Ligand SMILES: Nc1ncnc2c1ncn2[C@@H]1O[C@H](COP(=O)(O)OP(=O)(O)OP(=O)(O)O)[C@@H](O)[C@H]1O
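One chain follows as structure tokens, the form predicted alone.
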Amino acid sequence: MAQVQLVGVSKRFGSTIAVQALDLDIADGEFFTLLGGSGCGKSTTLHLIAGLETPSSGHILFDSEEVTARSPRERNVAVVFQNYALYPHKTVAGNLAFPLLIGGRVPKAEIEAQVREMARLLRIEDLLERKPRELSGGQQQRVALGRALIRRPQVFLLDEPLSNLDARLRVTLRREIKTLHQAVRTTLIYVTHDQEEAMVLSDRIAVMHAGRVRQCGSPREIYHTPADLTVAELVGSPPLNCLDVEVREQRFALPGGGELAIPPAQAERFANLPRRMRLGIRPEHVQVTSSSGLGRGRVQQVEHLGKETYVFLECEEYGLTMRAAADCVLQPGQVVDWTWRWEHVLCFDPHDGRNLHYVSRSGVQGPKVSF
């Protein structure tokens, strides 16, 4: 295991800047996830940590020791990619044993013992004599995980390892990855574009966009107190509702001419903010009410997902998405009154996207960012 630090790390490919002045401090034994969309720099960051790419500037340290110029083998890291890359001519046992056979330093009896222990941990004992072509996608992924872990790396790196699997199998395997990490406690750095994976698996998440980390924190912190609009829109499903408003004497003027009176209990929270803002409210905090609400909307669409229902409302010149209970009986065309939970309303600067209420753990107001 190792503490991993990136200090001012940047990576350029010609005129393209893939990673910009990245600072990360990943604790020994932590499950740390790099989350972001395509082209955000998350896989490049993983390759830099692995030694598969060399930074254009900056430093990479394991346990406070410089490793920037070291090869992947010298860093003692293991990487699992989304395509598994198993040796097709070898059995599962042969694939698991391969890292231990290199150099011929590990006795045969010890190799056999470690292969069987890893197979037991991954629940693939009955597959040891099979070839990769005889395995399902999930079984192949377990073998790839085992082959990476068997030589006890300092750092375990996973690059979109579940993206080729169907939704049900992804849920099963992500639970197994979490259990595996709890068993081995190796520092694990995980790359994904799937916010649900990141939220379920991680001790901490670094949300990346345009080569930079926009926010780093626990899943709960990332979801409930996003540093900026980019983070807020990336994390959460259905996506965040956003409304451009103007503040007028304890009221919000909405698109289309409507107004919302700020409750007295929330007056202090919304005091001293810019005249124009972008409000954000998550769908689970929007509700239909039988009494007079904050506004009125027409049900445009209803999506029943079994465990819950998504309702899409048309409200004059803006729309709202609401997450409702599974037994929701609303129908398209129905006109309803809606309200929201004021304590969960987020306020963003319309120019730079900052969460106007966000304060980092260091007590510093969140950085200004473009979006």
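Predicted model only: the values in this text are computed from it and were never measured. In case it trips you up, residue 1 is the first one in the sequence shown, and so on.
Omitted from view is the form predicted together with this ligand, to which the following refers.
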Taking heavy atoms only, is Ser43 within 4.5 angstroms of this ligand in the predicted complex? yes
Look up in the predicted complex whether Asp203 has a non-hydrogen atom within 4.5 angstroms of this ligand, and give yes or no. no
Would Leu22 count as touching this ligand in the predicted complex under a 4.5 Å heavy atom rule? no
Give a yes or no for Gly51: in the predicted complex, does one of its heavy atoms lie within 4.5 Å of a heavy atom belonging to this ligand? no
Just one of Gly58, Gly319, Gly39, Gly29 has a heavy atom within 4.5 Å of this ligand in the predicted complex. Which one? Gly39
Which of 307 to 315, 30 to 38, 341 to 349, 62 to 70 has heavy atoms within 4.5 Å of this ligand in the predicted complex? 30 to 38
Within 3 to 21, the residues that have a heavy atom no more than 4.5 Å from this ligand in the predicted complex: Phe13, Thr16, Ala18
